[in-house]
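Shown next as structure tokens: one chain only, the form predicted alone.
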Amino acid sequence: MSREKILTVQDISCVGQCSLTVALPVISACGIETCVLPTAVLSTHTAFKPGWTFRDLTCDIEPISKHWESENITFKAIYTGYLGSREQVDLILKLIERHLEKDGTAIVDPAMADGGVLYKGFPEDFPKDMARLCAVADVILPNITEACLMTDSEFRTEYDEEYILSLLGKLGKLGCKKVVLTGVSFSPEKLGIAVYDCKTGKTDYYFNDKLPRMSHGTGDVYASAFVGAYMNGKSVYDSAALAADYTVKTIEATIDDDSHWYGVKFEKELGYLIDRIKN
């Protein structure tokens, strides 16, 4: 396996399987040296009952980056997840400029919305800031809600392929090179992804059977598995498909345990992910 060193930038929930508590173990299991830059620390993720703690680490990002710069620390890839503010977007743009190697890869999961609505705490115009970050990315991993918000498109729960192709075309105009659009479904039984090459306009799809459970943290599981596969030399499409299969396996490993409502048991299926990457 590759021993490339990457950086992932997102928040960390001390309890709750999402963000850094997913990204660090999943990408590391794929054989990639994984460095982290936490943007905030929470006692639990925000789906827990009110009372969770939150500490914003925005003021630490620039001093950390300056120290890395003094040590000539760079990364083969930088993968960003949840960013809590416009200021953090500006800081991460600067971070990419300083620390991403010349032939490196920027991967952006614009984690900010789902189900047609922006997450609580974000200003209404925040998608414009996330679009600025997506503009410098080699690969972006939005869901349909995030795609709509960044492109000023109407969010629909029922749609056809023409709608998806229109979204992909608009996302391509942001400036990124490849798009992996998640949560695509043309029938009640299937759920999948659309992979779009912004240069050629080519679109490929991959679908799994839709499972009767929605789980917290699966977006982070998916994005982390994608990064792990891609940094091991898989194509964007193969990485996207593998990540989808792995995410399904983690939901299946959790589906009968109602007490495990706060995430998925991704640890139990890491062997599956590693075997798929090797083959």
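Being a predicted model, the structure only gives us computed values, none of them experimental. Residues carry their position along the shown sequence, with the first being 1.
Note that the form predicted in complex with a small molecule isn't included here; everything after this is about it.
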Leu42 versus the small molecule, in the predicted bound form: is there a non-hydrogen atom within 4.5 Å? yes
Cys18 versus the small molecule, in the predicted bound form: is there a non-hydrogen atom within 4.5 Å? yes
Proximity of Glu269 to the small molecule in the predicted bound form, heavy atoms at 4.5 Å: no
With a 4.5 Å heavy atom cut-off, would you call Tyr196 a contact of the small molecule in the predicted bound form? no
Between the small molecule and Thr182, Phe207 and Thr247, in the predicted bound form, does every residue show a non-hydrogen atom at 4.5 Å or closer? no
The one option of Phe186, Tyr163, Phe155, Tyr119 with any heavy atom within 4.5 Å of the small molecule in the predicted bound form is Tyr119
Only one of 226 to 234, 27 to 35, 213 to 221, 63 to 71 sits within 4.5 Å of the small molecule in the predicted bound form by heavy atom distance, namely 213 to 221
